[in-house]
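Below you will find one chain, with nothing else, as structure tokens; this is the form predicted alone, and questions on how it binds or moves follow later.
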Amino acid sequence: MAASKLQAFWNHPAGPKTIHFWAPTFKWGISIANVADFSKPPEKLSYPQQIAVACTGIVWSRYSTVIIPKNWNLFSVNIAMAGTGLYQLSRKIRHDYFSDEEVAVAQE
């Protein structure tokens, strides 16, 4: 049974014998790098970079569900990209627009 599942995976139209498998697999590197940047101070984050990561994740997540064959590896990596990009944007926005108010309230 395991051999037949492995063979089905190997021969799938989006399996490891195609670019449809390897491109999203290597794209995980972007999401992993973004997770590694969670420890980076928010002032060092870039709005254009994080907007690009988040928008790419959102757009390609949708695309990966309408193409044939459905590419769940592409879908999952883009959900991760959208999530990490939106989280990093929220950190940057909170730091740039809300942290000064909190400091002022704390000093009163």
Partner chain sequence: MGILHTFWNSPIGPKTTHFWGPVVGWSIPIAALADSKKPPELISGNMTTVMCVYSALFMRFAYMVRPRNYHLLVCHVANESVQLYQLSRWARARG
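Since we're looking at a predicted model, the values are computed, not measured. Numbering follows the first chain given and starts at 1.
One more form of this protein, predicted together with its partner chain, exists but is not displayed; see below.
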So, C55 and its partner chain: in the model of the complex, are they within 4.5 Å at any heavy atom pair? yes
Give a yes/no on whether F75 approaches its partner chain to within 4.5 Å in the model of the complex, heavy atoms considered. no
Do A23 and its partner chain share at least one heavy atom pair within 4.5 Å in the model of the complex? yes
Given that the partner is absent here, does A80 sit within 4.5 Å of its partner chain in the model of the complex, heavy atoms only? no
Relative to its partner chain in the model of the complex, which residues of 21-35 have a heavy atom no more than 4.5 Å away? W22, A23, P24, F26, K27, G29, I30, A33, N34
